[in-house]
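Presented as structure tokens, the chain that follows is alone, the form predicted on its own.
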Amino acid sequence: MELAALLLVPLLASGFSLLPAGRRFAAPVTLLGSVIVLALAVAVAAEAARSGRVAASGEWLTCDGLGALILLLVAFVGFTAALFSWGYVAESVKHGRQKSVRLYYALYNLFVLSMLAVPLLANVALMWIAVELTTLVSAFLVGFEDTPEALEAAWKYVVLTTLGAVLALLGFLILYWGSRIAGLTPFTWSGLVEAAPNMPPALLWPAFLFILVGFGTKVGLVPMHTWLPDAHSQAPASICALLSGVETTTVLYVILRLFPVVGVAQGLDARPWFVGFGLLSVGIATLLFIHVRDFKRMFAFSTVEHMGIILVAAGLGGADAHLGAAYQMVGHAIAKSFCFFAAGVTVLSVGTQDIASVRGLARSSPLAATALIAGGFAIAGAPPFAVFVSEFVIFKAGLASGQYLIVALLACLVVVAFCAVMFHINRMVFGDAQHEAPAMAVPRSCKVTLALAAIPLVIIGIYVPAPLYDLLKAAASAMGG
């Protein structure tokens, strides 16, 4: 019942937002729907951590530990972004565009719905459709502010990720062909793991590569990442939180699902590809940090870095490394969404995204300055935040398995990235102000969102509740750890 309701609630909220009454009530209805979805996701996650798997609707909807983790992250960021949207959209959208506000919330709910569907749908083909729905819906949200830069970013987003989707579709068609040869009837992830030992490697291997590259484009893996900084910097801050915080992780979930499938096949090893793409993504993102000029683009490059770290952790193999990867997904989602909320408050406070134009933020806007510093430390991997703990777990697992070179390279890149991010934030917060920029008032809902989003940001790095730890272990097990 909970699994079906998770999809029904945002669908109803989206429909209501388009009604004439939605002019006044779209924001509170969206927030209410997000609260209900979060409560349902917590219940599903608890059940998945306890029993290992939840199923409904005649096995059309299923959720194991890894799927439940993604579900919980989407629900939490969806809730905080809905609360942030209430004031942020009302403040930034010009007077007389009530119809656009209604459209925003309708698309917002459909975007959340499409992301929730990815880990819930048992059929792999339907899951591919859900991934593409995330692109279709979110593209309108990327271009929502209707500036030339936003529209260009939206088109670039659609074109490049659609090309990737075609490659991924080809991979899934080949995978389906191989599964039929192996005698598999239900085209599900669990069925693919069972059928993989009997699949011809000549089919399974190209299928894996097509899906890795195709959906790697959507995730933002280098060199298929070029759309990501544009889209994630031009969208409204609340949508950036969803795009960077959970949409990329949701698609990465699909790639991680391939790991146990390839892992049980004869003579195939996905680990070098995961490590290679992961290290390349972390390395290029680190170089881009150094010369970045837009602080929203800086946080977008951080998404490329973190997707690479998760992929490296999966490629290291073993239960501990996969536990670190699951923990990294949690840390990234809560920290990155907080960073974009902080960026949104900063834009409202100073009226620009240009790093060089923002100086003395600690004096002109203490709220934005505090949020930026906290978000920067959290996403760059400083203690006591969750990203520091997850990266420590990954490094420890790599050293324990004797993969010293990979760990050394990753550690060096992470340290350089940390220095680059904090250098830019330090200049914005403590630099000498050159002029007073025009500012808008920070809405109350944005302030409340920062406070709520900061709670898990601080707590999870210090203490992991037992139910969450059980869920992380279940997610690691689903990755083959």
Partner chain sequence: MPNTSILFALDALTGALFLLTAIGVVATRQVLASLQLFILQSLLLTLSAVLLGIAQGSIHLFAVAAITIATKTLLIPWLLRHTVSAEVYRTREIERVLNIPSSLLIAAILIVLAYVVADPLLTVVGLPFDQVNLPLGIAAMFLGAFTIAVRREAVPQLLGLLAVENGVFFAGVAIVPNLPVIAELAAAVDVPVVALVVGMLTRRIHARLGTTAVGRLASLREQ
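Numbering follows the first chain given and starts at 1. Treat the numbers as computed from the prediction; the structure is a model and nothing was measured.
The next section is about a form of this same protein that is not shown, the form predicted together with its partner chain.
All three of Val29, Ala182 and Thr188 touching its partner chain in the predicted complex at 4.5 Å, heavy atom to heavy atom?
The answer is no: none of the three residues contacts the partner (heavy atom, 4.5 Å cut-off).
Its partner chain isn't shown here, but in the predicted complex which of Phe210, Phe259, Trp86, Phe377 has a heavy atom within 4.5 Å of it?
Of Phe210, Phe259, Trp86, Phe377, the residue with a heavy atom within 4.5 Å of its partner chain in the predicted complex is Phe210.
Could you spot which one of Ala411, Ala319, Ile355, Leu151 gets a heavy atom to within 4.5 Å of its partner chain in the predicted complex?
Among Ala411, Ala319, Ile355, Leu151, a heavy atom within 4.5 Å of its partner chain in the predicted complex occurs only for Leu151.
If contact means any heavy atom within 4.5 Å, which of 127-135, 338-346, 271-279, 378-386 contacts its partner chain in the predicted complex?
That would be 127-135.
Although its partner chain is absent from this view, report whether Phe392 comes within 4.5 Å of it in the predicted complex, heavy atoms only.
Judged by the heavy-atom cut-off of 4.5 Å, Phe392 is well away from its partner chain in the predicted complex.
Would Phe301 sit within 4.5 Å of its partner chain in the predicted complex, counting heavy atoms only?
Taking the distances in the predicted complex, the answer for Phe301 is yes, it comes within 4.5 Å of its partner chain.
Evaluate Ala202 for contact with its partner chain in the predicted complex, applying a 4.5 angstroms cut-off between non-hydrogen atoms, and reply yes or no.
Result yes; Ala202 sits at the interface with its partner chain in the predicted complex.
Would you check, heavy atoms only and a 4.5 Å threshold, whether Ala400 touches its partner chain in the predicted complex?
Outside the cut-off, so no.
Which residues within 63-77 place at least one heavy atom within 4.5 Å of its partner chain in the predicted complex?
Residues within 4.5 Å: none.
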